[in-house]
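Take a look at this single chain, the form predicted alone, given in structure tokens.
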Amino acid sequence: MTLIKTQHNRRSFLKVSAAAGGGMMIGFNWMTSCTPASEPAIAIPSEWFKMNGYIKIGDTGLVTIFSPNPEIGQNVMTSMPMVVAEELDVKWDHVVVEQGALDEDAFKNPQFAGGSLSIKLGWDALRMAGAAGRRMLLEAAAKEWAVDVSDLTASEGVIKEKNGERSIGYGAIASKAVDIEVPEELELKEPKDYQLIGTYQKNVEGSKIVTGKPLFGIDFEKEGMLLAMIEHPPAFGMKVADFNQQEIKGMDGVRDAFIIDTTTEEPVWAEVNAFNSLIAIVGESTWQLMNAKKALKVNWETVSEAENSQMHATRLEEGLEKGNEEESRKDGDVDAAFAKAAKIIERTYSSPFMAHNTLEPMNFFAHVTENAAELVGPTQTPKALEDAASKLLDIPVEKISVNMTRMGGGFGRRLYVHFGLEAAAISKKMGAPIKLIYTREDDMTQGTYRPAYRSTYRAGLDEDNNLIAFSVRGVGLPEGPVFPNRFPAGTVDNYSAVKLGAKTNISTGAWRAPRSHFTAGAEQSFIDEVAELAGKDPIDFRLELFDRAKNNPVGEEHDYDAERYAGVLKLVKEKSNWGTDAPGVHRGVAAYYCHNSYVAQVMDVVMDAGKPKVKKVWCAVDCGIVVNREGAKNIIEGGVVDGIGHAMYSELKFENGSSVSKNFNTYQLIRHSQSPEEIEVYFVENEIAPTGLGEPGLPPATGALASALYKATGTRYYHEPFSTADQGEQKLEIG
């Protein structure tokens, strides 16, 4: 057991109170309540006492945990209660989970879905809550039987005497534990003793998802609710002047049509929006509203220069030379090292703007009254929405409620709250509850795109093919993609990394594994080409660099653990039988570190009827302790498919400031037939606290794919999307 102090959290973390109808409630500032999410395996207590931020233990032994984080498909609604159940020592089928409402004052922890942080941030809080409950139940039983706590043991929701025959279920003793003081120290299990953590458990909402139960924002309904749609300007750099308002208001099913403005004072990052002034149409059905949108005749005003795809490319090229420097690092004398290098290789990589394309389009419910606002829908940042709505509506934060639904995809798109604000503005104008629904075209042309990037890598080898110089210079619209302190920082004596930004009037935002998804592909493709120039195996070449970082690192710091980084490479090398050639099979490898986790991938590509086909992918992952292997395996598999698909096909082009792609007929996503036929996932076994998992599986896929395609086609791939971009000629110098 590991002892952990609770004294510092006595007031903010744990509370104990009696539950109506009997039982005990363990409150901790991480969970809160909403409505039951699944049918329990045992009887529900006759009455629940509901509070924010609580684990409930009923008199039947049923345990409920309220999940604070938005469920975006990362499966935290399964893994979080698994952690509690482990320390509580309760049967998994005696646990149910409910989605929590927003209450960060109670939680003392942020409530959001992003950065692959849900389990990482919640790990200690969840374990402590479970362990506290177990201890208090044991003390209650010890008092009841007049024995020492040390004479008792608890397992699967039952307390037993170690040297006796008495036993009692948690439900039967729970009501007597409510007066037990929270202990000063808690005993937490050692990883070797875990019974539930590390097992395979199905998604607790899986049956509801596949049977079409109303879980998502698009499903939400409320009596008296009206529907709303919006029309934003057709191009970035434009705004609405006026429109045929009376004609639209006279159409069948239309209740009203008007202009709204969601501009707030001192907007924060989550409020980014290219189009704050919009036309809103309110009515009775989506079909009638879509017809009204088609009948719009709008006068649009130009407020800034329209941008096209060529302008974006030009700005990226110029940005590499004179962009705004955001971050940099320099070790040694890079210029001098390149001057004496025997071989020099330089490559430039680029990637276009991309849409998030969540399966569920943006939507939100709002009911705004004179003094309060109720907001319900799919958001990754409920607190940011609450704060922004307070500013927009001039209503105190405590009078605004934000309830989270399950999300039909997010990938960073739902970090931004403009669609929630639009719903609130429309509801306020109408004086009625409304649900705003975007069409696919609304979403794909609105913005909040993944930025466009361009990076130039340069490496120098000496006469013995040792890497003696390395530089990278990367620019983005608007933020650059370079991480100066990541690999290969610390492995090369002479190293330079510069992150640059350039201006754009297109609204951009985080996209799954922000910046890492591009940088991993570019960096790992380049490392492969450097290894080839050095005449070395690509995995062995990387391992040599990691040995340098472990044994004699360059510079004061680097962001990664070289031992763990090398570990996933060694594991994927073993599992894929790297080095064994098979006829017609072309292999690529990549490894990357982001969101505190390490992932290495080997990808096999074959040529099928003249087209490349990904046959199999091996993944080695070091994310610390794996809570739910079922969910962890699924999310890595999804990241691989996502990475391959976007590297191959995804691109937004612009004409006169307007996105050319407006729906999936012109914006290609990966098809089922184009996905890998097989993906094997292996986790490094260790006792490190869990780190990120939702995003790290995606970035290595691009690099592994590019290298495998090179082996299959003889062409190096530098520019995304690989399927259509002109790869051009690259500069290669042999000294």
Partner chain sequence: MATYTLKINGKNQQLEAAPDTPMLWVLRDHVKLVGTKYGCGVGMCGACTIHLDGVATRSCQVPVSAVEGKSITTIEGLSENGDHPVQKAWLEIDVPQCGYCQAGQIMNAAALLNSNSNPSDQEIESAMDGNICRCGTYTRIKKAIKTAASNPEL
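Positions refer to the first chain, counted from 1. Everything numeric here is computed off the predicted structure, so don't read it as measured data.
There is another form of this protein, the form predicted in complex with the partner chain, and it is not shown here; the text below is about that form.
- Residue 221 is the only one of 557, 266, 394, 221 with a heavy atom lying within 4.5 Å of the partner chain in the predicted complex.
- Between the partner chain and the residues 143, 340, 202, 330, the one pair within 4.5 Å by heavy atoms in the predicted complex involves 202.
- In summary, the region of this chain contacting the partner chain in the predicted complex, judged by heavy atoms within 4.5 Å and restricted to 212-220, 478-486, 173-181, 121-129, corresponds to 212-220.
- Heavy atoms of residue 688 never reach within 4.5 Å of the partner chain in the predicted complex, leaving it off the interface.
- In the predicted complex, residue 288 approaches the partner chain with a heavy atom inside 4.5 Å.
- Within 4.5 Å of any heavy atom of the partner chain in the predicted complex lies no heavy atom of residue 154.
- Contact check for residue 634: a non-hydrogen atom falls within 4.5 Å of the partner chain in the predicted complex.
- Annotation for 433-466: interface residues with the partner chain in the predicted complex are 438, 439, 440, 441 [heavy atom within 4.5 Å].
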